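Shown below, as C-alpha coordinates, is a lone chain in the form predicted alone; questions about how it binds or moves come after it.
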Amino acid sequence: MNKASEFIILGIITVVVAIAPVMPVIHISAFITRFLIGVMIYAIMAEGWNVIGGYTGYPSFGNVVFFGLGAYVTALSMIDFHIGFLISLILAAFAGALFAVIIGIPVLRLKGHYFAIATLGIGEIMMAITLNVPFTGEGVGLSLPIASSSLLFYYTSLIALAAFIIFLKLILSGRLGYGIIAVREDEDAARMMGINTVIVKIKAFAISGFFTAIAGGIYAYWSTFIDPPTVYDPIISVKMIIMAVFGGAGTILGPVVGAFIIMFLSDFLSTHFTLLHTFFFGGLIVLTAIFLPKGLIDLFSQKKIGWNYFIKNIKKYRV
(Lines give C-alpha, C1' and ligand atoms only; values in the text may rest on other atoms or scores of the structure.)
Protein backbone atom coordinates (compact mmCIF):
# COMPACT_ATOMS: atom_id res chain seq x y z
CA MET A 1 0.00 0.00 0.00
CA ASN A 2 1.46 3.36 -1.03
CA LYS A 3 1.88 6.37 1.28
CA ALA A 4 -1.01 8.32 -0.24
CA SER A 5 -3.43 5.43 0.31
CA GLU A 6 -2.22 4.94 3.86
CA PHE A 7 -2.74 8.64 4.56
CA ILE A 8 -6.28 8.57 3.12
CA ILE A 9 -7.26 5.45 5.07
CA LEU A 10 -5.74 6.86 8.27
CA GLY A 11 -7.72 10.06 7.74
CA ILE A 12 -10.96 8.12 7.26
CA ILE A 13 -10.30 6.07 10.40
CA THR A 14 -9.62 9.25 12.39
CA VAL A 15 -12.89 10.82 11.22
CA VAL A 16 -14.90 7.68 11.98
CA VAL A 17 -13.34 7.27 15.43
CA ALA A 18 -14.10 10.91 16.22
CA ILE A 19 -17.67 10.95 14.90
CA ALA A 20 -19.03 7.46 15.65
CA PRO A 21 -19.30 7.80 19.46
CA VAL A 22 -21.18 11.11 19.28
CA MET A 23 -23.54 10.32 16.40
CA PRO A 24 -26.48 9.29 18.62
CA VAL A 25 -26.01 12.45 20.66
CA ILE A 26 -26.57 14.65 17.60
CA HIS A 27 -30.05 13.12 17.22
CA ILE A 28 -29.67 11.05 14.07
CA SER A 29 -32.86 9.30 12.95
CA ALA A 30 -33.93 5.95 14.32
CA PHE A 31 -33.56 4.49 10.81
CA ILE A 32 -29.91 5.53 10.53
CA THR A 33 -29.18 4.28 14.05
CA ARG A 34 -30.71 0.91 13.20
CA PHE A 35 -28.77 0.80 9.94
CA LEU A 36 -25.48 1.51 11.69
CA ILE A 37 -26.15 -1.16 14.33
CA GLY A 38 -26.78 -3.67 11.55
CA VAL A 39 -23.60 -2.62 9.76
CA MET A 40 -21.47 -3.01 12.88
CA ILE A 41 -22.96 -6.43 13.73
CA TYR A 42 -22.17 -7.67 10.23
CA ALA A 43 -18.76 -6.00 10.31
CA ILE A 44 -17.92 -8.01 13.45
CA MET A 45 -19.07 -11.21 11.74
CA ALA A 46 -17.16 -10.44 8.53
CA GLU A 47 -14.05 -9.66 10.58
CA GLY A 48 -14.56 -12.93 12.45
CA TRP A 49 -14.67 -14.87 9.19
CA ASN A 50 -11.66 -12.90 7.99
CA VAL A 51 -9.52 -14.32 10.80
CA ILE A 52 -10.05 -17.92 9.70
CA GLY A 53 -10.81 -17.39 6.01
CA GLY A 54 -8.76 -14.35 5.05
CA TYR A 55 -5.70 -14.59 7.28
CA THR A 56 -5.48 -18.33 7.97
CA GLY A 57 -6.68 -19.39 4.53
CA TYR A 58 -9.37 -21.84 5.68
CA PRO A 59 -12.66 -20.91 3.93
CA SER A 60 -15.29 -21.61 6.58
CA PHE A 61 -18.91 -21.76 5.42
CA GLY A 62 -20.18 -22.49 8.91
CA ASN A 63 -19.34 -19.39 10.93
CA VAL A 64 -23.07 -18.89 11.30
CA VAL A 65 -22.89 -21.63 13.95
CA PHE A 66 -21.02 -19.22 16.26
CA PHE A 67 -23.53 -16.47 15.50
CA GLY A 68 -26.45 -18.75 16.37
CA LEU A 69 -24.74 -20.13 19.45
CA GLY A 70 -24.01 -16.63 20.72
CA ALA A 71 -27.63 -15.65 20.14
CA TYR A 72 -29.01 -18.62 22.05
CA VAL A 73 -26.54 -18.46 24.95
CA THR A 74 -27.36 -14.77 25.40
CA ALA A 75 -31.10 -15.38 25.18
CA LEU A 76 -31.15 -18.35 27.56
CA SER A 77 -28.88 -16.58 30.07
CA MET A 78 -31.21 -13.59 30.16
CA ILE A 79 -34.51 -15.50 30.12
CA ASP A 80 -33.84 -18.59 32.25
CA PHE A 81 -31.11 -17.36 34.59
CA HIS A 82 -31.99 -13.63 34.66
CA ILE A 83 -28.39 -12.62 33.96
CA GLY A 84 -27.75 -9.11 32.67
CA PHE A 85 -27.12 -8.49 28.99
CA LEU A 86 -23.42 -7.65 29.17
CA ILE A 87 -22.57 -10.67 31.35
CA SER A 88 -24.67 -12.86 29.04
CA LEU A 89 -22.73 -11.47 26.10
CA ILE A 90 -19.42 -12.41 27.72
CA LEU A 91 -20.72 -15.92 28.40
CA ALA A 92 -21.81 -16.16 24.75
CA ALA A 93 -18.36 -15.08 23.56
CA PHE A 94 -16.58 -17.75 25.59
CA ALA A 95 -19.15 -20.35 24.50
CA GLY A 96 -18.37 -19.47 20.90
CA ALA A 97 -14.62 -19.78 21.47
CA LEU A 98 -14.99 -23.08 23.34
CA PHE A 99 -17.21 -24.56 20.65
CA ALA A 100 -14.70 -23.44 18.00
CA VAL A 101 -11.96 -25.34 19.85
CA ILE A 102 -14.13 -28.47 20.19
CA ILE A 103 -15.10 -28.66 16.53
CA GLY A 104 -11.78 -27.23 15.36
CA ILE A 105 -9.73 -30.15 16.69
CA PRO A 106 -11.19 -32.60 14.11
CA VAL A 107 -12.41 -30.23 11.38
CA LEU A 108 -9.25 -28.13 10.99
CA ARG A 109 -7.36 -31.24 9.94
CA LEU A 110 -9.32 -31.04 6.68
CA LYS A 111 -8.32 -28.71 3.87
CA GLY A 112 -9.92 -26.83 1.00
CA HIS A 113 -13.42 -27.79 -0.06
CA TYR A 114 -13.47 -30.67 2.46
CA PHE A 115 -13.12 -28.15 5.28
CA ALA A 116 -15.72 -25.85 3.72
CA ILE A 117 -18.29 -28.66 3.37
CA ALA A 118 -17.63 -29.90 6.92
CA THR A 119 -18.20 -26.45 8.42
CA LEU A 120 -21.38 -26.03 6.38
CA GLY A 121 -22.63 -29.34 7.75
CA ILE A 122 -21.95 -28.31 11.36
CA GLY A 123 -24.23 -25.33 10.94
CA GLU A 124 -27.05 -27.57 9.68
CA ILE A 125 -26.49 -30.00 12.57
CA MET A 126 -26.71 -27.20 15.13
CA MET A 127 -29.95 -25.95 13.57
CA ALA A 128 -31.45 -29.45 13.75
CA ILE A 129 -30.39 -29.87 17.39
CA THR A 130 -31.80 -26.49 18.39
CA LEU A 131 -35.08 -27.27 16.62
CA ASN A 132 -35.52 -30.41 18.73
CA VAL A 133 -34.25 -29.42 22.18
CA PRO A 134 -37.07 -28.28 24.51
CA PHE A 135 -35.14 -25.67 26.54
CA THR A 136 -34.23 -23.74 23.35
CA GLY A 137 -37.89 -23.29 22.50
CA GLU A 138 -37.60 -25.84 19.69
CA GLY A 139 -39.20 -24.44 16.52
CA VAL A 140 -41.21 -21.84 18.41
CA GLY A 141 -38.19 -19.68 19.23
CA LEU A 142 -37.42 -17.43 22.17
CA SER A 143 -38.67 -13.94 23.02
CA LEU A 144 -36.26 -11.65 24.86
CA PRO A 145 -37.12 -8.58 26.96
CA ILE A 146 -37.27 -5.29 25.12
CA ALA A 147 -34.41 -2.87 25.81
CA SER A 148 -35.27 0.66 26.86
CA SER A 149 -33.06 2.26 24.21
CA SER A 150 -31.34 1.29 20.96
CA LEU A 151 -28.26 3.22 22.10
CA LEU A 152 -27.26 0.19 24.18
CA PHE A 153 -26.86 -1.85 20.98
CA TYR A 154 -25.19 0.99 19.13
CA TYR A 155 -22.45 1.47 21.71
CA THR A 156 -22.07 -2.24 22.46
CA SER A 157 -21.58 -2.97 18.76
CA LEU A 158 -19.21 -0.03 18.36
CA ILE A 159 -17.06 -1.04 21.33
CA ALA A 160 -17.02 -4.71 20.27
CA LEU A 161 -15.98 -3.84 16.72
CA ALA A 162 -13.29 -1.39 17.87
CA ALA A 163 -11.96 -3.92 20.40
CA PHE A 164 -11.86 -6.62 17.72
CA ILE A 165 -9.90 -4.41 15.30
CA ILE A 166 -7.39 -3.40 17.99
CA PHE A 167 -7.04 -6.99 19.19
CA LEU A 168 -6.54 -8.24 15.64
CA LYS A 169 -3.90 -5.59 14.97
CA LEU A 170 -2.01 -6.64 18.10
CA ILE A 171 -2.03 -10.38 17.46
CA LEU A 172 -1.08 -9.99 13.80
CA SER A 173 2.08 -8.16 14.81
CA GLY A 174 3.02 -10.93 17.24
CA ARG A 175 4.06 -14.57 17.16
CA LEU A 176 0.53 -15.91 16.64
CA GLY A 177 -0.02 -13.52 13.74
CA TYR A 178 3.14 -14.67 11.98
CA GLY A 179 2.05 -18.27 12.50
CA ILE A 180 -1.40 -17.57 11.05
CA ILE A 181 0.06 -15.94 7.93
CA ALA A 182 2.58 -18.78 7.56
CA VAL A 183 -0.25 -21.33 7.59
CA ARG A 184 -2.05 -19.43 4.86
CA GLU A 185 1.00 -19.06 2.64
CA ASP A 186 2.32 -22.63 2.96
CA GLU A 187 1.14 -24.85 5.79
CA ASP A 188 3.62 -27.64 5.06
CA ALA A 189 6.55 -25.24 5.05
CA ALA A 190 5.30 -23.64 8.29
CA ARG A 191 5.16 -27.07 9.91
CA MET A 192 8.72 -27.82 8.77
CA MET A 193 9.86 -24.55 10.34
CA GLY A 194 8.63 -25.76 13.74
CA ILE A 195 5.27 -23.98 13.86
CA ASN A 196 2.53 -26.04 15.50
CA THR A 197 0.03 -25.42 12.73
CA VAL A 198 -2.81 -27.30 14.45
CA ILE A 199 -2.62 -25.06 17.54
CA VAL A 200 -2.33 -21.93 15.39
CA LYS A 201 -5.44 -22.86 13.39
CA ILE A 202 -7.43 -23.71 16.51
CA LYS A 203 -6.50 -20.38 18.11
CA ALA A 204 -7.53 -18.52 14.97
CA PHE A 205 -10.82 -20.44 14.87
CA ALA A 206 -11.41 -19.68 18.57
CA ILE A 207 -10.87 -15.94 17.98
CA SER A 208 -13.31 -16.11 15.07
CA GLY A 209 -15.87 -17.93 17.22
CA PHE A 210 -15.42 -15.58 20.18
CA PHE A 211 -16.26 -12.39 18.31
CA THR A 212 -18.87 -13.89 15.98
CA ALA A 213 -20.74 -15.13 19.06
CA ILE A 214 -20.69 -11.57 20.41
CA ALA A 215 -22.37 -10.41 17.20
CA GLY A 216 -24.99 -13.12 17.67
CA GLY A 217 -25.61 -12.09 21.26
CA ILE A 218 -26.07 -8.43 20.33
CA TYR A 219 -28.42 -9.40 17.52
CA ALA A 220 -30.55 -11.61 19.79
CA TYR A 221 -31.29 -8.89 22.33
CA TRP A 222 -31.59 -6.23 19.63
CA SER A 223 -34.17 -8.20 17.61
CA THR A 224 -35.97 -9.41 20.81
CA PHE A 225 -36.87 -12.71 19.10
CA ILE A 226 -34.79 -15.58 17.72
CA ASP A 227 -35.51 -18.98 16.24
CA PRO A 228 -33.22 -21.59 14.61
CA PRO A 229 -34.04 -20.83 10.95
CA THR A 230 -33.20 -17.17 11.56
CA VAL A 231 -29.91 -17.36 13.47
CA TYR A 232 -28.58 -20.53 11.79
CA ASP A 233 -29.49 -19.44 8.26
CA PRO A 234 -26.57 -20.38 5.90
CA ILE A 235 -27.15 -17.11 4.05
CA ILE A 236 -25.65 -15.32 7.07
CA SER A 237 -22.36 -17.12 6.45
CA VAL A 238 -22.55 -16.22 2.77
CA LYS A 239 -23.10 -12.56 3.60
CA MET A 240 -20.16 -12.32 5.99
CA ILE A 241 -17.92 -14.02 3.40
CA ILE A 242 -19.05 -11.64 0.64
CA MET A 243 -18.47 -8.62 2.86
CA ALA A 244 -14.97 -9.76 3.81
CA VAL A 245 -13.96 -10.67 0.27
CA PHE A 246 -15.53 -7.59 -1.32
CA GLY A 247 -13.82 -5.25 1.14
CA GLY A 248 -10.55 -7.16 1.13
CA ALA A 249 -10.00 -10.53 2.82
CA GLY A 250 -6.73 -10.73 4.70
CA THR A 251 -6.84 -7.04 5.62
CA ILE A 252 -8.01 -5.51 8.88
CA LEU A 253 -10.28 -2.81 7.47
CA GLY A 254 -11.53 -4.67 4.39
CA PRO A 255 -14.43 -6.49 6.10
CA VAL A 256 -15.60 -3.25 7.76
CA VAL A 257 -15.59 -1.39 4.44
CA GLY A 258 -17.32 -4.31 2.75
CA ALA A 259 -20.00 -4.52 5.45
CA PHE A 260 -20.86 -0.82 5.20
CA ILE A 261 -21.03 -0.69 1.38
CA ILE A 262 -22.93 -3.95 0.95
CA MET A 263 -25.44 -3.15 3.71
CA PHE A 264 -26.03 0.29 2.18
CA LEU A 265 -26.54 -1.13 -1.32
CA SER A 266 -28.72 -3.96 -0.02
CA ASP A 267 -31.00 -1.57 1.90
CA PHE A 268 -31.20 0.81 -1.05
CA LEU A 269 -32.06 -1.89 -3.56
CA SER A 270 -34.60 -3.60 -1.28
CA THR A 271 -36.37 -0.26 -0.87
CA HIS A 272 -36.30 1.00 -4.46
CA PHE A 273 -35.61 -2.00 -6.70
CA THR A 274 -37.09 -5.11 -5.09
CA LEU A 275 -36.55 -7.40 -8.11
CA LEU A 276 -32.95 -6.29 -8.58
CA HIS A 277 -32.26 -6.92 -4.89
CA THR A 278 -32.93 -10.64 -5.35
CA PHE A 279 -29.99 -10.85 -7.79
CA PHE A 280 -27.71 -8.60 -5.76
CA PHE A 281 -25.60 -11.04 -3.72
CA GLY A 282 -25.24 -13.58 -6.52
CA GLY A 283 -24.15 -10.94 -9.00
CA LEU A 284 -21.79 -9.36 -6.50
CA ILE A 285 -20.06 -12.70 -5.86
CA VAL A 286 -19.44 -13.20 -9.59
CA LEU A 287 -18.22 -9.65 -10.23
CA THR A 288 -15.96 -9.61 -7.17
CA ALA A 289 -14.41 -12.97 -8.07
CA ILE A 290 -13.68 -11.79 -11.62
CA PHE A 291 -12.67 -8.16 -11.19
CA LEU A 292 -11.81 -7.66 -7.49
CA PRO A 293 -10.38 -10.90 -6.08
CA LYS A 294 -8.34 -8.92 -3.54
CA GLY A 295 -11.18 -6.56 -2.61
CA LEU A 296 -11.68 -2.82 -2.46
CA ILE A 297 -8.76 -2.21 -0.11
CA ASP A 298 -6.37 -3.48 -2.81
CA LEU A 299 -8.12 -1.29 -5.37
CA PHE A 300 -7.76 1.80 -3.15
CA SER A 301 -4.08 1.07 -2.65
CA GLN A 302 -3.32 1.49 -6.35
CA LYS A 303 -1.57 4.68 -7.41
CA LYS A 304 -3.66 4.83 -10.54
CA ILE A 305 -7.02 3.13 -11.06
CA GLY A 306 -7.96 2.15 -14.59
CA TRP A 307 -9.22 -0.70 -16.74
CA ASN A 308 -5.71 -2.20 -16.76
CA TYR A 309 -6.12 -3.09 -13.07
CA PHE A 310 -9.24 -5.16 -13.74
CA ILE A 311 -7.83 -6.73 -16.91
CA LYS A 312 -4.69 -7.73 -14.98
CA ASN A 313 -6.84 -9.42 -12.31
CA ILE A 314 -8.79 -11.36 -14.92
CA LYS A 315 -5.58 -12.64 -16.53
CA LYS A 316 -3.83 -13.39 -13.23
CA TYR A 317 -6.60 -15.28 -11.46
CA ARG A 318 -8.34 -17.06 -14.29
CA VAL A 319 -8.10 -20.84 -14.45
Partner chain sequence: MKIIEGRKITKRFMGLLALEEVDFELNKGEILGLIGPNGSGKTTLINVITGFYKPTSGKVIYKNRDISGLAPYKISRLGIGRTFQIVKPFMELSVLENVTTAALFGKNIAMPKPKAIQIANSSIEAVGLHDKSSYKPGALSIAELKKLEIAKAIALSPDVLFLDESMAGLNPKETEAAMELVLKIREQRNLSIFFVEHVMKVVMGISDRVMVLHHGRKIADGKPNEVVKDENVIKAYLGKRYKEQKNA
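Positions refer to the first chain, counted from 1. Here the structure is a predicted model, which is why all the values come from computation and not from measurement.
The same protein has a further form, the form predicted in complex with its partner chain, not shown here; the description that follows concerns it.
Put simply, of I235, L151, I105, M192 only one has a heavy atom within 4.5 Å of its partner chain in the predicted bound form, and it is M192.
Taking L110, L131, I181, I83 one by one, only a single residue has any non-hydrogen atom within 4.5 Å of its partner chain in the predicted bound form, and it is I181. With the partner left out here, its partner chain still marks one of 72 to 80, 192 to 200, 206 to 214, 140 to 148 in the predicted bound form; by a 4.5 Å heavy atom cut-off that stretch is 192 to 200.
Remark: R34 does not count among the residues lining its partner chain in the predicted bound form, judged by a heavy atom distance of 4.5 Å or less. Contact annotation: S173 falls within 4.5 Å of its partner chain in the predicted bound form, judged by heavy atom distances. Using a 4.5 Å cut-off on any heavy atom, the one residue of 283 to 297 that reaches its partner chain in the predicted bound form is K294.
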